[in-house]
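In the block that follows, a single chain appears as structure tokens, in the form predicted on its own.
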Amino acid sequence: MAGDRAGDYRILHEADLRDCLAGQPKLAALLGGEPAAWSITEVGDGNLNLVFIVKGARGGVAVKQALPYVRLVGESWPLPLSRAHYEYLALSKQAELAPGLVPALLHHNETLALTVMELLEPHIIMRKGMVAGTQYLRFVDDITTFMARTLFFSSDLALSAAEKKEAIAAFAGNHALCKITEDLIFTDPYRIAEQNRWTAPYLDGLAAHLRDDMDLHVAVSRLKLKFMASPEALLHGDLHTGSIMVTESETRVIDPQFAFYGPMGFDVGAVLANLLMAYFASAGHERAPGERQVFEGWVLDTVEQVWNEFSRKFLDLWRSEARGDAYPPALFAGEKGAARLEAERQAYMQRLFADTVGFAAAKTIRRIFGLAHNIDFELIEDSRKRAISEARAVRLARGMMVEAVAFRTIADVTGAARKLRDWMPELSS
């Protein structure tokens, strides 16, 4: 792995970061001018890391440093710095498999858990743009290409068994980040946990119901087992609209620090969940009625297109690039074998869709009753309106998880969302 080895880890402040970058000739040349004149701004608004934007006379870079704890909580929740290593590995692999859809890597210092990347300008975090009602027409093509290529080419459909096992081993040490997911998504929202929060008092009753809903507990536990025991492909691991930067013409996926080998539906479900939450949150934001209708229609169309285009691209890759040890060609020779293999591909995608629906539901509930929430809902100032939007999203999510047989197609998902758009829940007082 590229990077410096000398010295001990320390949290970088402005002077330290300036010296660190000045000591790298290629970075200093990229920035240009005297290091003393570089502007350094800490812009991290995430839950885990420090993020800086550094600009010089000639150009700029983004710098990310892992902290030895969860930034959102503080030093009482320690976290290994090794996550920066896994993020670097993931970005490197994603750049190879989906070129142009992740930021370019410029430098990595393993000791400092620091990565220097291409500065994405004028890109903004997609979630922020969607809260403002912006439509991103390039998004579907880019995100489905990213998911189809990164998931397919890291799976048994494209890799030999030996290659796949070595790849799993390379990311197996990222278990501390997996543990966060296992607790915050699949366990804590369904029990009393110190870090949980929700829109009180309006959702107090719904929170209590989740803790008593044994059908839901079984469903989410099955998803948790799938997450822990199914290393199907290399996942981004946190693929929400806060981990995607966009312009009208470009999409870049960032922050794969949760990367590991897991079930493909977890990544696809994360994207769909965040689009669906944006749809339900729209009712609570101040927009002209006509604008709201157009935006919400675009969001649900995007939900359908994301699944449909991902499925199409994934299947196309399977038909043309299948060199892995799964489904050996010798077993499917001739016209009869080809027809049977195509039927199996369709069955595979139906299983992947079922996983996607379930994981999307779990991601939704987590963002409403767990530790880290979405600004889609959080920026709704009227807490009662916020609770109504959140309760609608939870109603859909519960159905997607427990009544899975009712969601056989992506149109079933968007149709159910439309029906809940004006549903009025009973709120606690």
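Keep in mind it's a predicted model, so treat the numbers as computed, not measured. When you see a residue number, it is the position in the sequence shown, counting from 1.
We do not show the form predicted together with a small molecule, though everything after this point is about it.
Remark: all three candidate residues (V70, L184 and R367) come within 4.5 Å of the small molecule in the predicted complex, counting heavy atoms only. Checking A62, L50, L371, A28 for any heavy atom within 4.5 Å of the small molecule in the predicted complex turns up a single hit: L371. Proximity to the small molecule in the predicted complex, defined as a heavy atom within 4.5 Å, holds among H240, R149, R252, K224 only for H240. Stretch-level contact check against the small molecule in the predicted complex with heavy atoms at 4.5 Å: of 232-240, 82-90, 350-358, 204-212, the positive one is 232-240. Looking at F258, you'd find a heavy atom of it within 4.5 angstroms of the small molecule in the predicted complex. The small molecule is not drawn, but in the predicted complex it has a heavy atom within 4.5 Å of I180.
Though the partner is left out of this view, F332 does not reach within 4.5 Å of the small molecule in the predicted complex, counting heavy atoms only. In the predicted complex, the small molecule sits within 4.5 Å of a heavy atom of W77.
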